[in-house]
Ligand code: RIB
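The chain that follows stands alone, in the form predicted on its own, written as structure tokens.
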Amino acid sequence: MSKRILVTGSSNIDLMLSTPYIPAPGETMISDGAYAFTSGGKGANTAVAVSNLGAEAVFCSRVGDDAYGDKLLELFASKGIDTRFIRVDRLEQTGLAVVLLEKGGTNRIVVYPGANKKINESDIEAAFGAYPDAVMTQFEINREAIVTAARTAAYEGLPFFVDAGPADPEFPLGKLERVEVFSPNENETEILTGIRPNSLDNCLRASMALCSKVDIRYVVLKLGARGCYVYDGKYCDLISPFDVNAVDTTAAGDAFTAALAVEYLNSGDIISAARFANAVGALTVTRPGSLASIPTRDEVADFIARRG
């Protein structure tokens, strides 16, 4: 039987702007790139990835009472996501993210939270009525909602997975209880610990620093083209990446953490889950967009088989 995962997080419409480079202050650039409106948000990316990879996704979020909100709700339903706990906020717009995508796949993102900033403790507590097997969250919603999700998961004895993006240096990490997996990327790790994980020694130092702040079973550092680093408080492993041509890194980290959670819940093995997550992240960066770039489990299996 597939695991049921409660995802608490943001839902956005993404404005994707393709540009050769980021203009300097005061510079007006005429770009020959394209632009497009797509669906995204760290919570939405995670929920779609959970569903695509074969688990049951229950999504707790908020959208505005507008055309963008309607579009997101229709999309989530089409992906088989349980949308009972997505609230339609009649006073706020649907969240918007402006994504500047440079040549080579690097992106810079500005988020306007809109209805996402109204996700509250009551929303989170109600969503636990879905009786999930695990809970996932990110830092793109307000602190109180995140802490409530962690506290309720601990009370229910459920594994709690944290994608630590976007990193908030003021976030009260000590209020997160019994985190099963805590997974920041390189920039987020540096913001939260002051240590850039650019060497094995620094990966270990950063992981130890995180474990001193939070009760974490596994730290999994997302290292981009260098793969990922797994630390369990005693032992560490650097998991090799899959070499691909990156087109767009948007949603890759969200897809990685979702894949890590799904596979870990299925196997109980964090190392095999990390290898699977590396494959999902690699496939995601080969495609443009957010939700549209996230692969299915069959696509991941085929990718791994072809790579040997």
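Don't overthink the numbering: it's just position in the shown sequence, from 1. Worth saying up front: this structure is predicted, and the values here are computed from it rather than measured.
FYI, the form predicted in complex with ligand RIB isn't displayed, but the following is about it.
The contact residue chosen from Leu75, Val111, Cys211, Ile191 relative to ligand RIB in the model of the complex is Val111, the criterion being a non-hydrogen atom within 4.5 angstroms. Looking at 63-71, 246-254, 259-267, 26-34, the stretch with residues near ligand RIB in the model of the complex, meaning non-hydrogen atoms within 4.5 angstroms, turns out to be 246-254.
Gly281 falls outside the set of residues with a heavy atom inside 4.5 Å of ligand RIB in the model of the complex. Of the heavy atoms in Asp82, none are within 4.5 Å of ligand RIB in the model of the complex. Heavy atoms of Ala97 reach within 4.5 Å of ligand RIB in the model of the complex, making it an interface residue. For the stretch 20-59, the set of residues having any non-hydrogen atom within 4.5 angstroms of ligand RIB in the model of the complex comprises Gly40, Gly41, Lys42, Asn45, in sequence order.
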